[in-house]
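Next up: just one chain, as structure tokens, the form predicted alone.
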Amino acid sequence: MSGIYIHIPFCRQRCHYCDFYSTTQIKRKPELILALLSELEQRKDWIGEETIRTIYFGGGTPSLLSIDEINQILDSIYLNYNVVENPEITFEANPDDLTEKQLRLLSETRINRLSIGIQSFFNDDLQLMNRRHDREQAINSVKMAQEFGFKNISVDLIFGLPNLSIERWNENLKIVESLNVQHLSAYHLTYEKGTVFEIKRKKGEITPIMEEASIMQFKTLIAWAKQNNFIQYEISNFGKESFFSQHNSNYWNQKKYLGIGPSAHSYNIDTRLWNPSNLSMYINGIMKKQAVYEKEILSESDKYNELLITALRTKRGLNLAQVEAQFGNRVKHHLLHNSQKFVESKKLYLKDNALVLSDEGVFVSDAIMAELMLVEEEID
């Protein structure tokens, strides 16, 4: 089964940490909707006979869409694709967009999962990040969504913010606990190239917190999750039983997915495609029925590295039997040899014939993955 991702690039203002493709040209929304509908029809054969299990509205800010626009997109998906009877349909939203009226209308659509971008419950942190909402709107958006019948709600938090104390981080987690949501995505702040935060860091206007403080915040998060029956099924994602994100799990389980919209990526095991991160290029190309995407044919080492990176992020880890079945005994032994030092240093451990990151390994996961990846000649 596969998933469809819809990228809605519009934002009223850009968050200081964000490097996702977005634009403030909201007046071009009608043009984008026509292009999205056209791309959905043009690419309906790309994932073959796959059944669609998940649909995900991401961004940007999908909550800037009207209800009519949401229904137009969903109707097009149901018309052009084979959708399961009860798909997971996720809708990302900013708290300030989730008014009582909007939530009532959303509850009348096919959307059955909300992902609310809260990031922090402290107003000064929200102002630092250039978020549009405040603490009260964040809390009320969740409570109102529950009142309108949403029973599968995820919230986002960011830790590792400049000057974020362990006490304040604990308070953020306590509020999440009190809201009785089903899922939490918690990300460490990264200073991505070109973002306002990265520019300010280089100028010395903000100072990243010490690594020890970040580690303590992450350990606090893991302990909190265990105490509150949240399962850490992926490095940054915590869900209660039966409430893991099915759509994001498609990525980590290497299922096929189709990305619609500017900057969206698609993957069908053998090929990866990505649309231009440019609204005009995307709209003009799609409306002329041109292939606007760039394309990469994945080599065997690409496929191995894809498996490595996605599987190691999950609680189940990288299954050695799967590595051997797909890539042969030599690649498995290469993996075991290169991972030995990480096992000895307790950054990795073996469980049920799989390599799994330890809590300590998570903090250096990028470095571990880089050392375990293969170059082309090593798999031929």
Partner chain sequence: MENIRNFCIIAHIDHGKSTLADRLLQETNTVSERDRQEQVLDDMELERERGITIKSHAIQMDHERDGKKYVLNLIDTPGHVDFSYEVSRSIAACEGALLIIDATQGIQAQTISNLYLAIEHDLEIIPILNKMDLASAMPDEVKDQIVDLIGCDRDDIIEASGKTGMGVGLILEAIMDRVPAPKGDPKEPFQALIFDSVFNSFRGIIAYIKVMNGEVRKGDLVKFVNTGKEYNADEVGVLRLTQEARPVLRTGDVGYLISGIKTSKEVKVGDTITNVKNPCKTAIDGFEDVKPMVFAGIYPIDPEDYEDLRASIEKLQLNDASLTFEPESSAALGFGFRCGFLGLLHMEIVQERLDREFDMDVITTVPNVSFNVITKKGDLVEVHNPSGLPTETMIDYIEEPYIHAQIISRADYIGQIMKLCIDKRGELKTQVYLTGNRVEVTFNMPLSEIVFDFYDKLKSISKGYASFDYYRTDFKRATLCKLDILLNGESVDALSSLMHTSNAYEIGRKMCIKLKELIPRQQFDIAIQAAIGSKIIARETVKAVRKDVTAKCYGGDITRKRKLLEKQKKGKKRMRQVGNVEVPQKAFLAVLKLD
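Residue numbers count along the first chain shown, from 1. Values in this document were obtained by computation on a predicted structure and should not be read as measured data.
Just so you know, the form predicted in complex with its partner chain exists too; it's not on screen, but the next bit is about it.
Practice task
Find the only residue in 134, 296, 100, 124 having a heavy atom within 4.5 Å of its partner chain in the predicted bound form.
Solution key: None of the other options qualify; the answer is 296.
Practice task
Establish, in the predicted bound form, whether 88, 169 and 319 all lie within 4.5 Å of its partner chain, using non-hydrogen atoms for the distance.
Solution key: Spot residues vs its partner chain: no contact at all.
Exercise for the section: State yes or no: in the predicted bound form, is some non-hydrogen atom of residue 248 no more than 4.5 angstroms from a non-hydrogen atom of its partner chain? Expected result: Residue 248 belongs to the contact set for its partner chain.
Practice task
Would you please decide whether residue 270 lies within 4.5 angstroms of its partner chain in the predicted bound form, comparing each non-hydrogen atom pair?
Solution key: Although its partner chain is absent here, residue 270 would stay clear of it in the predicted bound form, with no heavy atoms inside 4.5 Å.
Handout entry: its partner chain contact in the predicted bound form: residue 257, any heavy atom under 4.5 Å
Key = Residue 257: contacts its partner chain in the predicted bound form.
Practice task
Give a yes or no for residue 309: in the predicted bound form, does one of its heavy atoms lie within 4.5 Å of a heavy atom belonging to its partner chain?
Solution key: Heavy-atom contact with its partner chain at 4.5 Å: present for residue 309.
Practice task
Given that the partner is absent here, state which listed stretch (138 to 146, 173 to 181, 213 to 221, 279 to 287) has heavy atoms within 4.5 Å of its partner chain in the predicted bound form.
Solution key: Contact-bearing stretch, as computed: 213 to 221.
Problem - Members of 84 to 112 lying within 4.5 angstroms of its partner chain, judged by heavy atom, in the predicted bound form - result: Counting only heavy atoms within 4.5 Å of its partner chain in the predicted bound form, the single contacting residue of 84 to 112 is 92.
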